[in-house]
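Below, in structure tokens: the form predicted on its own, a single chain.
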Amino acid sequence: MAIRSGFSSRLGFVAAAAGSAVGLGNIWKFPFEVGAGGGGVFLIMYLAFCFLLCFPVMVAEIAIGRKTQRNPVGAFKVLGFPKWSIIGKLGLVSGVLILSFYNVVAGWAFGYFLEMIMGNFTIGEHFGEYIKDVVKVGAYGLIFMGTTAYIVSKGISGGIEKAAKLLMPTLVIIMLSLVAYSLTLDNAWEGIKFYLVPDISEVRLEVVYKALGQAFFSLSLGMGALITYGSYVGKNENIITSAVLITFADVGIAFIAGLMMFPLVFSQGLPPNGGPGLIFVTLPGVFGSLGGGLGIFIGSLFFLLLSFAALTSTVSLLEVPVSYVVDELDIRRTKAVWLVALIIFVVGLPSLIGNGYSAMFTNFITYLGDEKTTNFMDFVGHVANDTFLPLGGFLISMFAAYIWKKPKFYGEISKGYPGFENSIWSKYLGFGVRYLCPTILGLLFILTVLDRFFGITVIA
């Protein structure tokens, strides 16, 4: 096997892994999930899941990747448990499906950047028509996938790491500026109240599994991304410290996104449960209210940086199947990147045309016990995001605790953290990986499948 390239520093790894976590999942998906989940109660569940359930799985993924220096499928073969490579295969399928629709949404964001440059602040009022224009939106998605492929083709330190270091700090600065502006608007504090004050009556099973799905989606867990990134990490790096930084970066950006969005939503008199189009419907009008030149500058900059945030996630999603093709099929990296990118773009075509353009994919499926149809994009999200990712997390925690087992798992972590086995982190991870994660993730996976696809609600 050829010598594996890697990140140039811990900062590079954290920036790239945090970039994988921080993206449309935080800025686009998180606010509308919070809105649909009743506000503050969803936020609390999301934070709890990130730290209690996602953190141990993250550490396990990074440790497996670093130990084996392989892709998510090959990693389990190197460890001597080829049958468990089903985890990696499940992750590959999840990542491909998620990237296939994620790229469509990223194309929306890039298109909005161009619309803002032209001063088209009314685009939000025509969002439904905009996403039906499959030629225009498809071209934006193709440009975005091409840009993603170009970065991934440049490798880890020369492509992914370099892009993450530049793009993410800039995004944070713009977001904080927009938070400061949004808090000056009328009814802003009503939005803050909705976002931060939990309403216990909103606690439902659907909210629970959506919060868990959002946590796994935003942290890029259960799809092999962090096994892949972990395979590029040096043996002397402290996995625990890196995982803490990645988790805080993820939840921090998501929290700021909520502080930015809900004052804007309430100031416009819009319902907070506006769905996936929330950020595309709300923000153009807000930017328009700033006045011509300033509105164009802030609006175009925001959607450009939203595109950048999406880019740091799409490169990690693409890197997973690319690393598999390079490692297992022995195909040259550049060829593998463009081949995989093309396949994923084609897989995403039903999501592209399933937003009103094609009746077949707009009314794709009706779940048992449900009266309304679900479009193809939402269906892919329900399968890959809401079910496969928690299942992947369950299997990874089971593998780390009961197959790979504590001595080897902890031994890998200790290489960059000599006193780990006597630290509080050791006890926390031991309990989390052995008991908490398998029990809750396994149970929620079963309940989600029953409730989502069969209309069987076990817990009201």
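The structure displayed is predicted, hence computed values, not measured ones. Numbers follow the displayed sequence, beginning with 1.
One more form of this protein exists, namely the form predicted in complex with a small molecule; it is left out here, but the text below deals with it.
Across the proposed site, G25, S218 and L317 without exception bring a heavy atom within 4.5 Å of the small molecule in the predicted bound form.
This chain appears without its partner; in the predicted bound form, the one residue of V265, M223, I246, A75 with a heavy atom within 4.5 Å of the small molecule is M223. Here is the short version: of I98, L305, M260, A211, the single residue with a heavy atom within 4.5 Å of the small molecule in the predicted bound form is I98. Contact with the small molecule in the predicted bound form, judged as any non-hydrogen atom within 4.5 angstroms, is confined among 411-419, 49-57, 66-74, 25-33 to 25-33.
Contact annotation for I279: none of its heavy atoms lies within 4.5 Å of the small molecule in the predicted bound form. Contact annotation for L389: at least one heavy atom lies within 4.5 Å of the small molecule in the predicted bound form.
Taking non-hydrogen atoms only, S313 approaches the small molecule to within 4.5 angstroms in the predicted bound form.
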